[in-house]
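Take a look at this single chain, the form predicted on its own, given in structure tokens.
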């Protein structure tokens, strides 16, 4: 049975490349009927930030990536690493420095620091062996570690599991995606309104890229539209903290941020100034809406707008009256979301100015 692991450092929200590794490991475990272990590589305190591991767990949950075991924290496994170092020393595969540090005898790679704590290299190898990992799936930036870690595994009496390296996610300049590019972390993407389903689908499409890939924001945006369309009314309104009756208004949004803006336009419209010639449109709208049901379904709303336009009504002016903005969600959806009383009050309020 396959056993894979995802081993991020607790540095905060997941980098998109790390999220790709997490998804790839989850898919591999599911494909091979195996287990997915979450390990937190926190042996280096200089790379640990407050609530860093909590941010990782939150990102994984948001993406819908579950793990079968863990989180296993390296900071709690010091005795295992110390025992492994002793085995390497006893076998003559490691040497002790005058300051108490221990290094591989052949290439000088530090296994244990002078203060007795294990380095990333030793801890990672020991955990992969002790957790019985069968496949290590990670980014190609770890490729330089492979030969060194194979030597460490032999030094402590084991064999490094099979290693699969995948390509990195690059920015438009061809360099590894970073903060300067934007959209580099799951937190960035969440803040920009990408639904979790879109980000997960994009990463699953990449699978295990053999070579580096450029972040395709256009594809990610298309997936965002699809993901929003696939959300239930309850999921969509909950995602932007909007009342359920506003769900039709949010349907045309290209991101959750835009969906939130649509909700605000309808629920809390800004004051609008309309030209004098808009009075005829508002008067005719008041007549049509007064004789219609308290709430309109989508077909009824579209029929009302067609009738208004047929007599020369200015739909842009009506949009301004109802939402305070010249652009926004489909106007028929706005009419469906507003009660008759609310729609009439907004048109009358603007008409009196």
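Numbering follows the first chain given and starts at 1. Small disclaimer: the values here were computed from a predicted structure and weren't measured.
The protein also exists as the form predicted in complex with a small molecule; that form is not presented, and the subsequent description refers to it.
Student: Can you pick out, from 219, 142, 86, 96, the residue that has a heavy atom within 4.5 Å of the small molecule in the predicted bound form?
Tutor: Contact check passes for 142.
Student: Select from the listed residues 314, 41, 35, 300 the one whose heavy atoms reach within 4.5 Å of the small molecule in the predicted bound form.
Tutor: The residue in contact is 41.
Student: Is there a non-hydrogen atom of residue 7 within 4.5 angstroms of a non-hydrogen atom of the small molecule in the predicted bound form?
Tutor: Judged by the heavy-atom cut-off of 4.5 Å, residue 7 is in contact with the small molecule in the predicted bound form.
Student: Taking heavy atoms and a 4.5 Å cut-off, does residue 185 contact the small molecule in the predicted bound form?
Tutor: No, no contact at 4.5 Å.
Student: Residue-level question: is residue 124 within 4.5 Å of the small molecule in the predicted bound form, judged on heavy atoms?
Tutor: Answer yes; at least one heavy atom of residue 124 falls within 4.5 Å of the small molecule in the predicted bound form.
Student: Do residue 138 and the small molecule come within 4.5 Å of each other in the predicted bound form, heavy atoms counted?
Tutor: Result yes; residue 138 sits at the interface with the small molecule in the predicted bound form.
Student: Please identify, from 101-109, 275-283, 116-124, 200-208, the stretch that has a heavy atom within 4.5 Å of the small molecule in the predicted bound form.
Tutor: Contact criterion met by 116-124 only.
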